[in-house]
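Okay, here we've got a single chain as structure tokens, the form predicted alone, with questions on binding and movement later.
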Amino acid sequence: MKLEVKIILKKGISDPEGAQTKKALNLLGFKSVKDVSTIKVFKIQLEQSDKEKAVEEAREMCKKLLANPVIHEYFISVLEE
């Protein structure tokens, strides 16, 4: 089973990488760029046939390693069953 885990910053948390990318794009002449946000995407393949167990395992991965619960939110999607 393949899963996709998206990690984003919570509202109110500064995104210095996004801000620097916006600034660089503006300096390169892309004046219409008003905001840039960064996101991490992990594609994980599991040897698991039970969708609920796979999602729960991905949740545990997020809690233990992939996301910092203080500043991140995460979203898990099943790509194939």
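All residue numbers refer to positions in the sequence shown, first residue = 1. Only a predicted model underlies this, so the values are computations on that prediction, with no experimental measurement involved.
Note that the form predicted in complex with another copy of the chain isn't included here; everything after this is about it.
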Checklist entry - Is there a heavy atom of V36 lying 4.5 Å or less from a heavy atom of another copy of the chain in the predicted complex? => result yes
Item to check | A67 within 4.5 Å of another copy of the chain in the predicted complex, heavy atoms | outcome: no
Checklist entry - Is there any non-hydrogen atom of K51 lying within 4.5 Å of another copy of the chain in the predicted complex? => result no
Next on the checklist: Under a 4.5 Å heavy atom criterion, is E60 part of the interface with another copy of the chain in the predicted complex?
Outcome noted: yes
Next on the checklist: Residue by residue through 20-44, which ones have a non-hydrogen atom no more than 4.5 angstroms from another copy of the chain in the predicted complex?
Outcome noted: T21, A24, L25, L28, F30, S32, V33, K34, D35, V36, S37, T38, I39, K40, V41, F42, K43, I44
